[in-house]
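Shown below, as structure tokens, is a lone chain in the form predicted alone; questions about how it binds or moves come after it.
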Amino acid sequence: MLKVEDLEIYYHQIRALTGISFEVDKGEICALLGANGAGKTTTLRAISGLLKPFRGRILFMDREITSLPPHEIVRKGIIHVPEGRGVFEELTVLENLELGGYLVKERETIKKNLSHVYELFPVLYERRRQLAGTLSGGEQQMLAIGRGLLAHPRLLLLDEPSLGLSPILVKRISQTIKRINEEGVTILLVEQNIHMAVELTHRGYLLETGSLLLEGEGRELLKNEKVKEAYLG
């Protein structure tokens, strides 16, 4: 479904990605793992069109999207839920969700997607008239994911969905991510919570200082010394 080929990215004179290549298959949850500064968020930002590569290609459904602007990449079905949630604090929960579906023209489809988000996150229905800035951190994360789902994604890019959340909320978010995947959405996950990541993912890649070190299946990654070093020191 997604192919990243020889991707190289610079921030000014600093090389953030050194020419990485990987694939995400349709229907799977795939993880990008690694310590802070490894290049995980940079990779997601490149896929969603927020950063332009110095070299390399990004293909989605066998079509190159490397040079497309972000809104065209969204139109193709790639939705990015960024680290830090990025909700519009001065808008209501409902207004935030509706912004997620701005490219969806059919009103009935928007209503259907909205009902699905409320089913996944009942608290968002309860808070739908509330300003997003008054939500708790966990509720804002649910809102960010829900807003992404309003666009009816084919590939969902999730950047640190468990960041700053309590263990109970981490478990709830994890269960919801699994359900979203079971409903047919392919997911590329960046996650510092290694135990959550390996429990969820079918396959993962380990990045270190912009280079791809290894690929492995879910729980097998926990046994790898490089993964232990990246997360446990």
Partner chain sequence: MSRRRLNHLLFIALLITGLSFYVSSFGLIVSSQQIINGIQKGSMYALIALGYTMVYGIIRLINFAHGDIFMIGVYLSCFTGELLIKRGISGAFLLSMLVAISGCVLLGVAIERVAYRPLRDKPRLTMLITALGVSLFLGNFLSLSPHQLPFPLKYLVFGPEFRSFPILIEEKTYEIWGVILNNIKLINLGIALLLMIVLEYIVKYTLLGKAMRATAFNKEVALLMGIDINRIITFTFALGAGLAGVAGIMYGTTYGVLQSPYLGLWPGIVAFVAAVLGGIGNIPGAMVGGFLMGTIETIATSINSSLGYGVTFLVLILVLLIKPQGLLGKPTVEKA
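Positions refer to the first chain, counted from 1. Just so it is clear, the model here is predicted, and its values are computed rather than measured.
The following text describes the form predicted in complex with the partner chain, which does not appear among the structures shown.
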Of E106, E119, E90, E126, which residue is found within 4.5 angstroms of the partner chain in the model of the complex when only non-hydrogen atoms are counted? E90
All three of L50, E95 and G100 touching the partner chain in the model of the complex at 4.5 Å, heavy atom to heavy atom? yes
Which of 134 to 142, 111 to 119, 69 to 77, 159 to 167 has heavy atoms within 4.5 Å of the partner chain in the model of the complex? 69 to 77
Taking heavy atoms only, is R45 within 4.5 angstroms of the partner chain in the model of the complex? yes
Contact set, 116 to 149 vs the partner chain in the model of the complex - heavy atom within 4.5 angstroms: R147
